[in-house]
Every structure is written in structure tokens, then in C-alpha cells.
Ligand SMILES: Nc1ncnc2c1ncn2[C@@H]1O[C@H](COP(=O)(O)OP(=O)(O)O)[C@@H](O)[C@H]1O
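Take a look at this one chain, the form predicted alone, written out in C-alpha cells.
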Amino acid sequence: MSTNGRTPILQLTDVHTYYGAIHALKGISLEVYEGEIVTLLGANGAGKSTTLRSINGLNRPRQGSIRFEGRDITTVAAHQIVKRGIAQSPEGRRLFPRMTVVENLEMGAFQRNDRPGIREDMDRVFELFPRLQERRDQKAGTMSGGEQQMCAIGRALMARPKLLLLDEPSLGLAPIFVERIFEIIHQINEQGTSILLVEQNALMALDAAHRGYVLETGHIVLADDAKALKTNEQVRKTYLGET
């Protein structure tokens, strides 16, 4: 895996995270470098969402460290982590259904007070998602699943993150929306945002990513370039549905 001697923007070292007595992450180490899309693959319950929750401060690890831009954020509060430059589009979208598209997007910028910058980012979101511009005054709960997913990603972008965490962006979407969402993920990355992607559609995820990690029951069992993972026999059988 070529990283050209760069320093990772995100680094997890031997992270152990629990839900009560359940040991969900059992010593995870991974890195995301600036400008990369890195994907986490794994079956349901493997620990993918828990990894994101450990990074974003919602589930504090009991052991190990998480560093962002060289600074330890293992015990930093979730709202401070957003301020430092990590935002997430969560699984299930979690929009405010009775609020309009614009109001949902504004919630993504609630910690910011640079009005010109917020306006600029709102324009950027509408450029990425023209459909949201058309629906700007519509209540988020009345939109289709694909439109809601666009709104959830747009809301995360309103925090102007250096690292975007995407949890199952294609879940439950029609194929045409899945393709569009992945095109937009590419665009966001090309505009300079690093991305850590959790995605059930392993083929789409590996096509989009530079590198990937495979999680099984709280352990990383494989780590490689996305191209190499795509041709890996174990990955092809388990995640790409080949026999």
C-alpha cells in the first residue's frame, strides 16, 4: 500500500470499543491519508458503524488511540470533533423530517458563524445536488430515499469537513440513485475532502476507494489497495457474491 511517506490525516491505533460488556472492536488499527477514499468492508455486526462512532466521539474507546491531523481526539467530545473537521452522514440519514431541506443543511453549519462561507457552502451543496436546490423549501421527510440521502451528505458537507464519514450511503436506494451518489462521492473527494466509507455494496465501494480494510467480528482481517482487494479470492467469495 503506497502512502509515499505522508502523515495520515486519521490514525486509529489498537482501538477497543465496547457496548456495555460487549467487546465490539478488538484492537483496530487503520489510517486515512489526505485526499484518499478508504472503505471499510464487513458483514452486519462486524464493527463498521462502531468504528465510525469511535472516531466521531459517540462511542469512546476503552483502549487505544485515535489521532486526527496529528492530535489525539480519543476523548474529545463529539461536537468538538465536528469543529476540528470530521463530519458524518449517518446510516439511515437521520434528517429532521419536519424541517425543510435548507433548514436541515443549516443544521450542518450550526457551529459556524462565517455567514459568507456558509452561503458559499450552501451553493456548493446545491451545485453537487441540483435536486436539493429544486426541493429547498420542501420538508425533508416528504422526499424520496435518494433525495434524503443527498440531503444527509449535504448537511455533513455544511460543516466544511476535512474528513467525511459516510455510513451506508447507498442503503435502500434505487440503482439510479446509487450510481449518482457514488459519482458525487468522487466529486467531493476530487474537491479535496478525504472520505472514510462504510458501504454494503462492496463492488461499488472498492470501485470508488483507493484502499480498503475488511472487518470481521471486531478485527481487521485484510488491508490492501482497493484494486488488490477486488481480486482477492476471499473478498470475491464473501463480499462480491462469487462462488
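Because the structure is predicted, anything quoted here is derived from the model rather than measured. The first residue of the sequence shown is number 1, and the count goes up from there.
What comes next is about the form predicted together with the ligand, which is not displayed.
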property: Partner-facing stretch of 188 to 196, 174 to 182, 201 to 209, 38 to 46, counted where any non-hydrogen atom is within 4.5 angstroms of the ligand in the predicted bound form; result: 38 to 46
property: Within 4.5 Å of the ligand in the predicted bound form, all of V101, F126 and Q133 (non-hydrogen atom); result: no
property: The ligand: the contacting residue among L10, A24, V235, I220 in the predicted bound form [heavy atom, 4.5 Å]; result: A24
property: In the predicted bound form, N56 touching the ligand (heavy atom, 4.5 Å); result: no
